[in-house]
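A single chain comes next, written as C-alpha cells; it is the form predicted alone.
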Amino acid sequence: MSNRLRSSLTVLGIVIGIASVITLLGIGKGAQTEAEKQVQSLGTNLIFVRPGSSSTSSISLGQGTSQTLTYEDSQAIKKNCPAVLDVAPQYSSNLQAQYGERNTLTTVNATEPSYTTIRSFRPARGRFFNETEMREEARVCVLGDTVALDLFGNLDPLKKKILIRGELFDVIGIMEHKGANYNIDMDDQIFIPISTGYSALFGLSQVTGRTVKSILVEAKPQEDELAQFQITNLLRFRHNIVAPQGDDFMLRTQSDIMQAAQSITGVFSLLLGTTAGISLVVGGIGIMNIMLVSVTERTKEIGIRKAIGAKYNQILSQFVIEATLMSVSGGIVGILLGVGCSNALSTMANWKAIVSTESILLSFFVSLGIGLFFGIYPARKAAKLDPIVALRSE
C-alpha cells in the first residue's frame, strides 16, 4: 500500500495474462463448438460414399474424380444393407440458371426426396419434390436461398419458371438458410429430381451409365460401423474387387469428420492458451522482480524484526503472502476482465466465445501458483538475511 503505483503496475501483468487466457480459451472453445455445430448440421448418422481417384500419366487427380459409383449402386445399398435407414444419391454440376434478364452460375444438385431428411435440410417455403415427380421426371426445382435472391431479388419465386441450361423448370420451393459447410455454400444450389437431371440436363441414361458424384447414407442409430461394413462389402462385390485390389470408392462417416474438426480446434485452442500463458510467465517474473526490490529496500526493517525475535518462517511467510496477495488480486481482476472481453467479443465480432467454469478455476489457481512460485525466492532471500548485516545497511 505504501507503493501503490508500483504494486498496481506489477498486478497489471497478472491481470493482462489471466484476461488473455480466459478470452483466448473462450475463443478456442467457441471455435470447437462451432465446428461441432457445423458437422451436426450435415445430418445424423451420416456416411458419405464417394468415388475413388482417377489418374493421368500416373498422377492422381484426387478422391472423387473417377466415375465408379452409379445410381444403381445407391439403390443396391438401400435394398441390401439392413443397417442402412435411407440413401440419397447426388449428381451435381455447375450450370447457368436464368429468370428474365437475370442469370447466375450455380450448382445444380440432382438428388432424391430423401435428401431433406438425411441432411436435415428442408424447404422454408413451398415444398421439396416427391416420389411421383421423380418417377415422372418432372421439370420441377427447389432453389437455395442465395439463388432465389440472385434470380428474383424481392420477388416471390414460387410458381414461377426458370431456365436451367435452356430447359424450363417450375419453382416449387425455397430452401431454408443453411450457410456454408466446409467451403461449400449450401444456399447456392438448385435441387432437381435426379431422374430429370439424367434425362434433361446431364445426358446420362442406363445405356451410357447413370453415374453419381456421391451417395449420402443414413445409418440406423448405433449401427454406423455395421453399415460401413455392409456397404463396403456390397460395393466390392458389385465392382468385382478382390484382394489385393484397392477399393474404387471411399467411405467417410460423420464421426470421422467430427474427430478431424475437434483435432484441428484442439490444436488451435492449445496454441491460443500457450500464447496467453507466456504473458502470465512475464507477469510472474514482474512480481519476483518487484519483491526482490522490496527485500532490498526493507533490509533494515527485516534486520530489526529478526533482532527482536522474528523467526525464519515468519519472515518467509510475510513476503510469500505479499506476493500471493498481489497475484491473486490480479487474477480476480483478470477473470472479470476476461469474461467481459469474451462477452464483448461475442457481441461485436459475431463470434461465440464460450467461457467455461473450468477456465475460470484454472486461471484462479494459476494466479495463486504464480504468486507462490515467484514469491518464494525473494522471501527466502529475506528470511536468510543476517540481522547484524541487515541492521548496518542504509
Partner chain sequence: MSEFLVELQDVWRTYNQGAEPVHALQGVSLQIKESEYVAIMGTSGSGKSTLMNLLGCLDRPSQGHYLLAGTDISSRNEDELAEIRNRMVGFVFQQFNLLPSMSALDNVMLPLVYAGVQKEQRIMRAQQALKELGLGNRMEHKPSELSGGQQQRVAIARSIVNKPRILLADEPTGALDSHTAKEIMALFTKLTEEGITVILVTHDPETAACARRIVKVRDGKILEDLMIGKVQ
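Think of the rigid core as the biggest set of C-alphas that the two forms share within 1.5 Å after superposition. Being a predicted model, the structure only gives us computed values, none of them experimental. Numbering follows the first chain given and starts at 1.
One more form of this protein, predicted in complex with its partner chain, exists but is not displayed; see below.
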Please run the contact check for Ser114 against its partner chain in the model of the complex: heavy atoms, 4.5 angstroms, yes or no? no
Does any part of Pro244 reach within 4.5 Å of its partner chain in the model of the complex? Heavy atoms only, please. no
Is Arg102 close to its partner chain in the model of the complex, meaning a heavy atom pair under 4.5 Å apart or at it? no
Consider Thr146 of the chain shown here, and say whether it contacts its partner chain in the model of the complex, taking contact as heavy atoms within 4.5 Å. no
Contact residue in the model of the complex, from Ala310, Ala200, Ala76, Met250 (heavy atom within 4.5 Å of its partner chain): Ala310
Only hit among Lys220, Arg238, Lys213, Arg305 for heavy atom within 4.5 Å of its partner chain in the model of the complex is Arg305
Every residue in Leu95, Glu167 and Ser195 with a non-hydrogen atom within 4.5 Å of its partner chain in the model of the complex? no
Can you pick the stretch from 283-291, 159-167, 311-319, 104-112 whose heavy atoms fall within 4.5 Å of its partner chain in the model of the complex? 311-319
Any residue of 134-164 that, in the model of the complex, places a heavy atom within 4.5 Å of its partner chain: none
Using the rigid core as the reference frame, would you say Leu163 shifts its C-alpha by 2 Å or more between the shown form and the other one? no
